[in-house]
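The chain below stands alone and is given as structure tokens, in the form predicted on its own.
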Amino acid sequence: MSGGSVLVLGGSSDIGLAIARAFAAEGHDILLAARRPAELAADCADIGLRHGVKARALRFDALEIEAVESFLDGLEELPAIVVCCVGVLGDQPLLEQDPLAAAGVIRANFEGPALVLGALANRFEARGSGVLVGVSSVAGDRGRARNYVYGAAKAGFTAFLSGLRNRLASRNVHVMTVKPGFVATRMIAGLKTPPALTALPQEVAMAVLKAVRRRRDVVYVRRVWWLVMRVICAIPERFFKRLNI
């Protein structure tokens, strides 16, 4: 993992910034890609000063599919590691009634992230090296009444990453799926979540850093979520549909 820059897509998110700082502490130059890069100027300056690395912000919108290739062409060099933290939760009751809002959530959590990582995969494959990390969610392990639009999009992203990992397994390009549960970020601000199941952004960042070192395939954060989701996935459908979880 030594050397090479790290590109963080969704770099203005709490998780994205925490991941950027974790890799910067290891000596990696950082590229933060976000829709409003000017807002990241202070973060880039702090990362550079604190860790003695180069850090800069780039404009990137995962929903602008037609601009993906030009965005990648505009990079000074192809990064060694890319972490995609793009995503939006949405409001499930609203999404049930507003198809356009639901489409936006699906695009932000699945279509955009999948297509940009697919484009990067082609370039990494041609180079013969690289690491792609997709931040998905435990919500994609089984559809649940409370967040099934978001969960369905994350399920699609998880499946995409799995297929990409299998395709590139013999090409020296590693693809990793990260599945956080609750994370104390702005995205879930105001929601009451169980402390034992709620990670901090820094926990996610360190889990990603360690998993990249070890070339892990799928990582749950916190690890207890692996067991929680195994239990949830094992409930027969005839009983599961009676639950409101």
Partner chain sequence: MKLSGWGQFPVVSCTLERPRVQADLQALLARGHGPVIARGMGRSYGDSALNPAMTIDMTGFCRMLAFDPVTGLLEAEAGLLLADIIAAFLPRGWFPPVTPGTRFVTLGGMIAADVHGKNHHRHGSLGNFVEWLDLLGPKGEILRCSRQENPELFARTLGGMGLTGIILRAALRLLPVETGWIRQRTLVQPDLEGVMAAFESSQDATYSVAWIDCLARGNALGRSLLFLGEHARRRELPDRLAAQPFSVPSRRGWSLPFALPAGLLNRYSVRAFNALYYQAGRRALTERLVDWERYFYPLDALAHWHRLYGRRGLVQFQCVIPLASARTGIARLLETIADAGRGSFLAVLKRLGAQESFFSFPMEGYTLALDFPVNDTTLALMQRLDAVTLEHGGRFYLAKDARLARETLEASDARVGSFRDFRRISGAGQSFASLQSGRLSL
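This is a predicted model, so every value here is computed, not measured. Numbering follows the first chain given and starts at 1.
Missing here is the form predicted in complex with its partner chain; even so, the following discussion is about that form.
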Handout entry: The unique member of L63, A196, A42, L191 whose heavy atoms fall within 4.5 Å of its partner chain in the model of the complex
Key = A42
Practice task
Name the residue from D46, E26, D217, E203 that puts a heavy atom within 4.5 Å of its partner chain in the model of the complex.
Solution key: D46
Problem - Answer range among 27 to 35, 64 to 72, 49 to 57, 208 to 216 for contact with its partner chain, defined in the model of the complex as heavy atoms within 4.5 Å - result: 49 to 57
Handout entry: Contacts with its partner chain in the model of the complex - residues in 9 to 23 whose heavy atoms fall within 4.5 Å
Key = D14, R21
